[in-house]
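Next come structure tokens for two forms of one protein chain, structure 1 first, structure 2 second.
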Structure 1
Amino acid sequence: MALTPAVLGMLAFTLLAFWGVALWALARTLRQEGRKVDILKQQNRMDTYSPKALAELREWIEQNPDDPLVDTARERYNECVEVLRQTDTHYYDWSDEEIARLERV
């Protein structure tokens, strides 16, 4: 039983789409990880949260003062604030104004 041209075309498209997306995702991930390694080699520390994620973490800390994990969250938040203040190169897009406005919790 031979496959029709339409089935072969769909098979080719599916394979190309799958491998194309997979290779693109792999290349992008490797570039991002390479950038992180370069930053760590340069200054041994790196920001761990994006501006949005750090704002969400602070909001969670403020809204959940009795949660058993709040002390750990506070430590992570304050650590990221200190790293942002002490380093020159950041992985995420932080402006000097955003960093200056940050306060420890």
Structure 2
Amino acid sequence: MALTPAVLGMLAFTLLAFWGVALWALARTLRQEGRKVDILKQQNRMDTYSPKALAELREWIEQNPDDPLVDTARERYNECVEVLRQTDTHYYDWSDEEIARLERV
């Protein structure tokens, strides 16, 4: 059986879809880890949510005030807000305007 263009194309696609994605994920997560270590060396604390994830957490807290886990959620939300206000370097892509608009819940 010869190596047809279709077989070679599938081989290339498979390598890209598996090894490409796996190596991308490995490199990205190790790079992120390096950045987290650098930030923690500087200021000992770090923001824990991205703007999108924190907004979603706030929305959930407001919509579920009686949920048994709402206190944990509130604690995590407020912790992130405090860190964002008190630190200069942020892990996620927060702008000064976004941080200024944040309020504790």
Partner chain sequence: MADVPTKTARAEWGTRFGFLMAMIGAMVGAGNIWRFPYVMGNNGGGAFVLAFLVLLFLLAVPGLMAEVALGRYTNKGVIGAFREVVGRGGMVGFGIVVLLVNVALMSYYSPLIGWTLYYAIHSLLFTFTAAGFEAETFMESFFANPPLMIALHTIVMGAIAAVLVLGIRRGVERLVVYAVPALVVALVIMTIRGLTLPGASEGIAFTFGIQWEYLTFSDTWIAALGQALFSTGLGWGIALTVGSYLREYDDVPLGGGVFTAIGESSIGILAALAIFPVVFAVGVEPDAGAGLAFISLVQVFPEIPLGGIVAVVFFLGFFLATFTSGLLITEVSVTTVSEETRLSRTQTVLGICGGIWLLGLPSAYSADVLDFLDFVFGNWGLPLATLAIIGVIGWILGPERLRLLAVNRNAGIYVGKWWDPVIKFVIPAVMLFIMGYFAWENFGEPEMIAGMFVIVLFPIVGYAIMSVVEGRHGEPDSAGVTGGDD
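What you are looking at is a predicted structure, and each value in this text was computed from that prediction instead of being measured. We call the rigid core the largest set of C-alpha positions that still match within 1.5 Å between the two forms. Sequence positions of structure 1, starting at 1, serve as the residue numbers.
- The chain as displayed in structure 1 is taken from the form predicted alone.
- The Cα shift for T14 between structure 1 and structure 2, taken after rigid core superposition, is 2 angstroms or larger.
- When the core is overlaid, the C-alpha of L23 ends up 2.7 Å from its other position between structure 1 and structure 2.
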